[in-house]
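One chain is shown next in structure tokens, namely the form predicted alone.
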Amino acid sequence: MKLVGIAALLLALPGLASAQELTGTLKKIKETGVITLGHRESSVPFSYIDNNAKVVGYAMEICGKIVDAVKTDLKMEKLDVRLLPVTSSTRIPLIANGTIDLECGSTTNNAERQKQVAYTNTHFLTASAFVSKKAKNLMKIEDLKGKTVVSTAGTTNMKQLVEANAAKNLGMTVLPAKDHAAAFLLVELDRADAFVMDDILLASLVASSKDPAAYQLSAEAFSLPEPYGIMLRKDDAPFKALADKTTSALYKSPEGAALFKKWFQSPIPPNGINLNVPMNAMLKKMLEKPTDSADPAAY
């Protein structure tokens, strides 16, 4: 009878019962009162630092919605949100070892990475291209033969560049850069002929440069469309379910379309540039039917 009474008491206290059932990231957040977001420093317009030293961007706002959902789900009046800068090389290890809980940036979701981490629903689609100065007249991948080409270390773009160099026998000199800003600077200073990266990131770097008219994006892509997703730890079903539910509702709502317009079709900080990225058919489908698939064919 005492056991029955205790069970009834637990059922009457849902907060206590749910706290005992928590696992993984949700349990960690509940116990510490902290959620840590990994952010990029120059991935415009997804995650970057503006001229007021504030971390802003499309992915940061999406992560903010997930944070709000966590706070509500855990019935927490106060939740300390900590920000930690990450790079292409550190983002996956920092998710895997529990240092950060969400990675809010421009990270490609692919099958190889899903062996180490998980993703919530895709928030953007891109393809790997290259940027160069118009004066160099480089438009096709074959035009890079014998050239010095840079990409950001730890990215899928670097892997695609190295593979294309070998497969097409282009004899390129391939340089790694610590981040996107450093890579673009090498092109700006003529220390590299081209920079291989996701087309949307290249467009933002060009728009933010001192002389946007001096640069052009390639006519050819190194890849099929690639999905970007907010990264989280692998095998943490409750946390992923909450993130998926939150992002799916956001993307299918008018707020999702408004968020896209704010960051891709309106002036953004720090210099009021407008990327003028259209809502094409693939992007529209992505918002209407959210998925965390790493398969380009799913889009």
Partner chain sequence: MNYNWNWGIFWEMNPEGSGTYLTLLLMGLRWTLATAALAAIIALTFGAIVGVIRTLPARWAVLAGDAWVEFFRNIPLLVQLFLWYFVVPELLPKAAGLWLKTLPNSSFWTGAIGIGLFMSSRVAEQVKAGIRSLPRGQAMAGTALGLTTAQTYRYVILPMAFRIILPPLTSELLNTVKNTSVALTIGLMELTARTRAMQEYSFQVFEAFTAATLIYLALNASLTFLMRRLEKAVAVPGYVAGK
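Source: prediction; values computed, not measured. So that the term is clear: the rigid core is the largest set of C-alpha atoms that superpose within 1.5 Å between two forms. Residue numbers count along the first chain shown, from 1.
Omitted from view is the form predicted together with its partner chain, to which the following refers.
Residue-level contact is defined here as any heavy atom of the residue lying within 4.5 Å of its partner chain in the predicted bound form; does N97 satisfy this criterion? It does: once its partner chain is placed as it appears in the predicted bound form, N97 has a heavy atom within 4.5 Å of it.
Distance check, R113 to its partner chain in the predicted bound form, heavy atom within 4.5 Å: R113: yes, in contact with its partner chain in the predicted bound form.
For A153, is any heavy atom within 4.5 Å of its partner chain in the predicted bound form, or not? Yes.
Can you check whether P85 is within 4.5 Å of its partner chain in the predicted bound form, heavy atom basis? So P85 does not count as contacting its partner chain.
Would you mind picking the one in K75, R191, K140, K145 that has a heavy atom within 4.5 Å of its partner chain in the predicted bound form? Here the answer is residue option R191.
Interface residue in the predicted bound form among S128, S132, T107, S204, criterion: non-hydrogen atom within 4.5 angstroms of its partner chain: Contact check passes for T107.
Could you tell me which stretch in 195 to 203, 213 to 221, 75 to 83, 182 to 190 has residues with non-hydrogen atoms within 4.5 Å of its partner chain in the predicted bound form? The contacting stretch is 182 to 190.
Out of 196 to 216, which residues reach within 4.5 Å of its partner chain in the predicted bound form, heavy atoms considered? If the 4.5 Å heavy-atom criterion is applied to its partner chain in the predicted bound form, 196 to 216 yields nothing.
Core fit, then D73 C-alpha moves 2 Å or more between the shown form and the other one: Where the cores coincide, D73 shows only a C-alpha shift between the shown form and the other one that is less than 2 Å.
Once the two forms are fit on the core, has C104 moved its CA by at least 2 Å between the shown form and the other one? Superposed on the core, C104 moves its C-alpha less than 2 Å between the shown form and the other one.
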